[in-house]
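Below you'll find only one chain, the form predicted alone, shown as structure tokens.
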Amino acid sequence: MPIVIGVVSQKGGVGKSTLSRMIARDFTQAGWDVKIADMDFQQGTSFHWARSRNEAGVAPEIRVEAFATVAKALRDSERFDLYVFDGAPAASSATREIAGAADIVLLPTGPANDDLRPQVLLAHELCKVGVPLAKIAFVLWRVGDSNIEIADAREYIEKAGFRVLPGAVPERTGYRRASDMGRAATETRFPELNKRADTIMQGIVEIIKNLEPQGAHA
């Protein structure tokens, strides 16, 4: 059985696809058999990113497929070690399906109230429809340079009853340029940016370590 990660949001522009790609890249690099299910069937953001990556010859190759339904994507998932749902950029019944099927539900958010409030509301909605609180984790993404603002965002989420992964990925041109070239957030030209993204990755790794049987993966 694969480990399933759902990356979901109430609105676009919070870093959902960028986070999905980073997860897929890092676990593929570690030898896992990974695929992204791009659920934004119209835009296919991650699908087109993977094509750019392949055309540029960036290794490792990341497998991405766009799906119109969660059910169809789940039928495909059985062949993989890790399956990452890059959810559509708006909450829907599909978002609830993804969260229900996932072992981990990640909600990226910026530090502004316009990002925080919808994501926290989505997290509460998922809990109401039966998604266990322990599955849900927030990721601070596209933050500014204010440590106070980042700390306030973290406090806001934690007071709402949800955990937040360590670290925060800033809004930087280096991440956008890397993405344009088919690279993940841990593959930029700038070691400090890679380090910031890797802090988030290590938090995800720790969650997965608590899920999988010991020794299941190298």
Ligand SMILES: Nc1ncnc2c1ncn2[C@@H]1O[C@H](COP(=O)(O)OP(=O)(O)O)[C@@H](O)[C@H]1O
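Note that the structure is a prediction, hence the values are computed from the model and not measured. Start at 1 and count along the sequence shown; that's the residue number.
In what follows, reference is made to the form predicted in complex with the named molecule, a form of this protein that is not presented.
- Listed residues V169, V70, V34, A50 were compared with the named molecule in the predicted complex; V169 is the one with a heavy atom within 4.5 Å.
- With a 4.5 Å cutoff on heavy atoms, K16 counts as touching the named molecule in the predicted complex.
- Of the heavy atoms in F85, none are within 4.5 Å of the named molecule in the predicted complex.
- Remark: T188 does not count among the residues lining the named molecule in the predicted complex, judged by a heavy atom distance of 4.5 Å or less.
- Looking at S179, you'd find a heavy atom of it within 4.5 angstroms of the named molecule in the predicted complex.
- Contact annotation: the named molecule lies within 4.5 Å of heavy atoms from the stretch 134-142 in the predicted complex, the single such stretch among 134-142, 110-118, 97-105, 72-80.
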